[in-house]
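Have a look below at one chain only, the form predicted alone, in structure tokens format.
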Amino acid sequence: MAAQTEDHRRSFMVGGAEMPARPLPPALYLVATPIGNLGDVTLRALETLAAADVLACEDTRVTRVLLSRYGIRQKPVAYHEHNAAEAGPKLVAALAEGRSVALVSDAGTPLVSDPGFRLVEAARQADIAVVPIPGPSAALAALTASGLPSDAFFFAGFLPVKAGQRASRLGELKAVPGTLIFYESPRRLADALAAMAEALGDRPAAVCRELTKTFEEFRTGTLAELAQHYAQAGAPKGEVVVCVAPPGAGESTDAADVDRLLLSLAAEMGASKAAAEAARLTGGRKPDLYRRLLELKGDG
């Protein structure tokens, strides 16, 4: 496994200024990279990428775009699901020799829907330090902007392609007491949303597309409404994250009960916090509940 040469200048560029990268202690570094906007990378991530003896990535062509943007002179090596059995032991050997290895995925946080966990497992078994370098995550970006409850959530990754297996998997997830987060292929999106509506019930949901990119989009509605939209509009472009509300969130709640709950909560806390707590308890949208609370208080 090739490492940086002695004359390799370990540095990166920020705002036109060259920044030196300090040497890294031997360890496996899991480096989160931008999910779209290259400006979302952290300074610590850039320094780690520049200083690592070995940089492993899913697709060297994708990673080189990021390296070029920040003037990092690295020669990345490929590590992905198709070569993990061969490349993984070489990376572990490099770590055992006292080198620093940085691992990145094409976008986001390594190990989320990629084979990096096998490398981490092997490093742990070899008593090699594993260091997370946190940063962007499509799943968390979608969750926080979806308007759905975020106090408890479950990342379910990609659903099976075959209809029967997909229905079975959704059946297993039906009772999870938190917001569900899925990655989905644009061309399978309409079918997946329809399957979710059938298996989970017609819950509130959000389709989050092209996160942090120019054409970022959040479309909300019930699962059935979203399924119908994409069946008619066709497959969208770009990468997609689907967030689905917890069980019970789609059930109708008597408006008078919601009003009483809002006023009761508002007696103990501020309006914004009361709306957030009501959203958590009822599965409603915080902005809607906040507006309703202001109306009830005569401030709307």
Ligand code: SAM
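Owing to the predicted nature of the structure, the values given are computational and were not obtained by experimental measurement. Numbering starts at 1 and runs along the sequence shown.
Omitted here: the form predicted together with the ligand. The next part is about that form.
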Is there a non-hydrogen atom of V176 within 4.5 angstroms of a non-hydrogen atom of the ligand in the predicted complex?
-> no
Answer yes if any heavy atom of E239 is within 4.5 Å of a heavy atom of the ligand in the predicted complex; otherwise answer no.
-> yes
Is Q228 a contact residue for the ligand in the predicted complex, using a 4.5 Å heavy atom cut-off?
-> no
Using 4.5 Å between non-hydrogen atoms, is K213 touching the ligand in the predicted complex?
-> yes
Has each of S105, G108 and S137 got a heavy atom lying within 4.5 angstroms of the ligand in the predicted complex?
-> yes
Choose one stretch from 123 to 131, 93 to 101, 204 to 212, 68 to 76: the one whose residues place a heavy atom within 4.5 angstroms of the ligand in the predicted complex.
-> 204 to 212
Selected contact from C243, V41, I35, A274, since only one has a non-hydrogen atom within 4.5 angstroms of the ligand in the predicted complex = I35
Counting non-hydrogen atoms within 4.5 angstroms of the ligand in the predicted complex, say which of A87, A224, V112, A199 makes the cut.
-> V112
Contact set, 149 to 173 vs the ligand in the predicted complex - heavy atom within 4.5 angstroms | F158
